[in-house]
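Given next, in structure tokens, is a single chain: the form predicted on its own.
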């Protein structure tokens, strides 16, 4: 049953279907929608922006999530409270996250522009494309780093203690233990978290649409927003379906290349 919507999207991708056009119903056009994608400069640019956003956001989330998971493996005062507070962003709906960050960053109203202006920094996501892009990355890091942290924490908690105790007895420092024991033993968990975050980041829509609406200009017009505008405001269902299929194919290929690269590097290093 779960495959039926997918095959229907693939099927619609071979038709020209616009409910407001003079021609009613679906009109078979073969691979014309996919041919349009290859020459659609705006679509290709949105893919490039999405890849850049994904690289920044997921890289920061993986490093920060691993660091926080390592921290939570130790005992310190207020650990339970910090753990609960840290996981709170996961309970917020994506569209609410975007609305909240919109209020935080709104010029003339939000606290972020006000306090940054006090130190001489003119922060405005509606005027400066770089500020808007950086804010979308920061918002995604705030929302999804707890997911990476909890995933890594579950993996770390399941690792056997004996190899780490033996390494400490042999005089290994923390960096050597992390590089030669923790990361190799945690590799399946890291790859799982990495793939899930890449897939989610590439199809982000709600948060960014609420925060910037894709602007200023086209700086935060990621692929998810591009597909949404084609399917809903323009009601070009055939072209939007073709975009969705190509985005799925692109995501699978990207994850496969990443897995192949990591596996090959691991095989060459002999670890």
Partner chain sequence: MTSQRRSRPRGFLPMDTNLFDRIFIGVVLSVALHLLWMRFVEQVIPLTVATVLSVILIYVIARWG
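Residue numbers count along the first chain shown, from 1. In this text, all values refer to a predicted model and were calculated from it rather than measured experimentally.
Missing here is the form predicted in complex with its partner chain; even so, the following discussion is about that form.
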Taking the shortest heavy atom distance, is residue 47 within 4.5 Å of its partner chain in the predicted complex?
no
Is there a non-hydrogen atom of residue 66 within 4.5 angstroms of a non-hydrogen atom of its partner chain in the predicted complex?
no
Given that its partner chain is not shown alongside this chain, does residue 39 nevertheless sit within 4.5 Å of it in the predicted complex, heavy atom to heavy atom?
yes
Contact between residue 35 and its partner chain in the predicted complex at 4.5 Å, heavy atoms?
yes
Candidate spot 55, 62 and 183, all three in 4.5 Å heavy atom range of its partner chain in the predicted complex?
no
Residues within 4.5 Å of its partner chain in the predicted complex, restricted to 234 to 252 and counted by heavy atom:
246, 249, 252
